[in-house]
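For reference, the chain that follows is the form predicted on its own, supplied as structure tokens.
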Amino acid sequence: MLDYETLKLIWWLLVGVLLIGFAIMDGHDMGVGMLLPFLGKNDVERRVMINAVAPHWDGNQVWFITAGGAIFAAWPFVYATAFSGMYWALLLVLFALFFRPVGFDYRSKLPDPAWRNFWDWGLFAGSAVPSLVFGVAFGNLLQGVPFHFDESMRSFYTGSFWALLNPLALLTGVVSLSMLALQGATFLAHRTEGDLQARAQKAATLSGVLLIAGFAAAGVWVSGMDGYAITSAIDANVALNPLMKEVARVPGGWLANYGKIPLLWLVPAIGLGGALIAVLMVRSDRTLLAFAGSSLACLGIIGTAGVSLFPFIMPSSSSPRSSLTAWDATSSHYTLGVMFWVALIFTPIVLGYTGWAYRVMRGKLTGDYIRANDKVLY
């Protein structure tokens, strides 16, 4: 079996892969959902948009569910602290997500325009609200979350829901919204044609420019903030608890990893470059390359957050030594080992099935096709 330190690092990487997979795969579903009321000018166009993603959206939820399960199993301290402390924010996400399965399945069951319009806005809310909250969560992680542990390792959260909506967090929320809107718009531009495709291309351009500006602004903001650094010696190859270390707030601390390994600057460059590629390619009608560029932007932006925070997962603003890191928030050596082999077996299966499903259902969706299959499509 791999040594404990290596497994801790592997699971930090795997959780990152799951979050990136979620942003790329489920992200374009959410992007199309949040654009639905604005790009679809009539019922047929909105059904085209829905049917572009409806066959895949529930399968893509695997990334979201698996990421949550991986955090629960690999980082139990993080799961317990975040899901209890940020209870109302996560409940808001859960309630918003309820609109997605019901909206996809029941939206076109009745011909009443008011019924369909209600579910169009429901799909918008079920896509936009989680996208915003996920970005807000990353903004709060970069500032530190107000929680601490007592000597018996009970977690106490001392913040509030409204305190989460601070200026930096709202900026990172806008970055998340624009990132997934770009992902959805480029996917839609690839799957549609005519006026709807043209509107999707304009939406991709607008969201891409907003993403570049927001990501750059957030980077400048974070570079001038205090970050966190472990100031005591730790042995990452043994079982630790979060209180077995000393942590200090350091000016510019979130840039420390880039100073140690300059090659890591490629990660934010991929985020900015991917968004720029998406904008340029979608404007020149190279829609598949635009979607690939948007996917690279997701990889680079989420990767930037991970690289900046490492080894911190959930820093504490009220008690820095309670901060949760990749070294002391993990499950046992045995648990991480078993999970590693499970992931090694099932991840290729999920990727293979997903690739096959998208290949089978490739091609353009048109209004004529929707009208001809009115009773069998979403």
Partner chain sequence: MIDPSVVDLSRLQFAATALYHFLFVPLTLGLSWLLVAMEAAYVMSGRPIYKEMTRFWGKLYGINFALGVTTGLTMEFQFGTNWAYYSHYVGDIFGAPLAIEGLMAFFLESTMAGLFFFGWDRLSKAGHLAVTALMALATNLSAVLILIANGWMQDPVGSAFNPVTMRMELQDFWALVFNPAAQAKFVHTVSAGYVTGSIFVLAISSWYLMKGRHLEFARRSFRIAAAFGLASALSVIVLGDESGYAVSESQKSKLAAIEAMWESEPAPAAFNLLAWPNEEKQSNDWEVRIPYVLGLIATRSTGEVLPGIREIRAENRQRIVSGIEAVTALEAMRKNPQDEAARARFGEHEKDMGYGLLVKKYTERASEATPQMIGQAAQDSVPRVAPLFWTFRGMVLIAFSMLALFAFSFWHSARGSFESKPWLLKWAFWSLPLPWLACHLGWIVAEYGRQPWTVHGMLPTHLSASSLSAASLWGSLAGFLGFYTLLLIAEMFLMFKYARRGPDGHDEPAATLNMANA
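Positions refer to the first chain, counted from 1. Only a predicted model underlies this, so the values are computations on that prediction, with no experimental measurement involved.
Beyond what is shown, the protein has a form predicted in complex with its partner chain; the following relates to that form.
Exactly one listed residue, out of 289, 97, 213, 141, brings a non-hydrogen atom to within 4.5 Å of its partner chain in the model of the complex: 97. Taking the partner from elsewhere, residue 360 is found to have a heavy atom lying within 4.5 Å of its partner chain in the model of the complex.
In the model of the complex, at least one heavy atom of residue 241 sits within 4.5 Å of a heavy atom of its partner chain. Within 4.5 Å of some heavy atom of its partner chain in the model of the complex lies at least one heavy atom of residue 77. Residue contact check for residue 38: none of its heavy atoms lie within 4.5 Å of its partner chain in the model of the complex. At a distance of at most 4.5 angstroms from its partner chain in the model of the complex, all three residues 342, 372 and 377 contribute at least one non-hydrogen atom. You can rule out all but one of 248-256, 147-155, 224-232, 162-170: in the model of the complex, only 147-155 has residues with a heavy atom within 4.5 Å of its partner chain. Shown here without its partner chain, the chain has 330, 331, 332, 334, 335, 338, 339, 342, 343, 346 in 318-346 lying with a heavy atom within 4.5 Å of that partner in the model of the complex.
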